[in-house]
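Taking the form predicted on its own, here's one chain by itself in structure tokens.
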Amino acid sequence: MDDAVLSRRSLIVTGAVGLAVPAVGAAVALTGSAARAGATRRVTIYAEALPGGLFGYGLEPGKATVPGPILEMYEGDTLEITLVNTTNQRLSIHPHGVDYSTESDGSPFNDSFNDPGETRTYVWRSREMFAAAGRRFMPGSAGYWHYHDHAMGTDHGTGGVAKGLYGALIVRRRGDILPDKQFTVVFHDMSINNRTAPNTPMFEANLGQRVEWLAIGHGNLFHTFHLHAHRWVDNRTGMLESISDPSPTIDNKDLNPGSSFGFQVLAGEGVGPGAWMYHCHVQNHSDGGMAGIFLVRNADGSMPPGAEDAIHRFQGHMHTTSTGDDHGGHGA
């Protein structure tokens, strides 16, 4: 049976939807060659026009979202994406962090894109860490990556990215801990997931649930991602790997155009339930609407004291760019 699991937000991509096997077991042994042969998983993604001039990717017709679905694979696996362009725009899908040929680059530079109404297949490959000459190791593909359009508006997909054609891509090592909840946060210019406060996403989890955050940067501005009351380790997973792991513990990290990172936390660990804020820590960006709510409910799912009042205050707060050097407007 293939290693495959359903993602909490969409799915870990598999050739047979509905197959569910936890990613647990012994660590993968290092080998002297590039990744051993893995599973090939196939998924169809539909690029669609959305209300408000936006565009999105979806796993079913009529189900496109901004951001698009979280795509997951294990190191050593291959992902075949059949992209169906239902729009009247040229567009594509381009990944970060994985291997692909020029035909699957997703850029007009390599004549790799979908014309309006066209269907095209893109192939992404991943590999495990392997031993190389000179007592070195070549890195595998595991990480929190992302994908996006690279063809709408310009040859770099500037129009498509600005209008919502982006999503998270996770490559896991076998044995990685799987989360209970997954949240994708995309900082693009002065917006979060193409929205500004008080209309930014409110993410919810119950006390103690394992939550995986995937943070992605796009656009033209520099940002920092801050999560109130929670902290994580600045490495691949956000968790210490041993008692001697030197990775620093942080609660704020740069999130700049083209960058991405992810981490896992236990909701409300050490601080309890409540309405906690996430936001860009560039002050005039948070003042201008780059803020949202992480609602940690009680373990039974009920609303904790004070949380509803905090949410109402957030929704009624006037978010305006502060005085000083404003580096951008409120465009999507």
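A quick note: this is a predicted structure, and the numbers were derived from the prediction, not measured. Numbers follow the displayed sequence, beginning with 1.
From this point on, the text means the form predicted in complex with another copy of the chain, which you will not see here.
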One stretch from 179-187, 114-122, 78-86, 254-262 that, in the model of the complex, holds residues within 4.5 Å of another copy of the chain by heavy atom:
254-262
I'd like to know if residue 303 sits close to another copy of the chain in the model of the complex, meaning any non-hydrogen atom pair within 4.5 angstroms.
no
Using a 4.5 angstroms cut-off on non-hydrogen atoms, would residue 48 count as touching another copy of the chain in the model of the complex?
no
Counting only non-hydrogen atoms and a 4.5 angstroms cut-off, does residue 157 reach another copy of the chain in the model of the complex?
yes
Would residue 198 show up as a contact with another copy of the chain in the model of the complex if we use heavy atoms at 4.5 Å?
no
Go through 258-278 residue by residue and record those having a heavy atom within 4.5 Å of another copy of the chain in the model of the complex; state none if no residue qualifies.
258, 259, 264, 265, 266, 269, 270, 271, 273, 274, 275, 276, 277
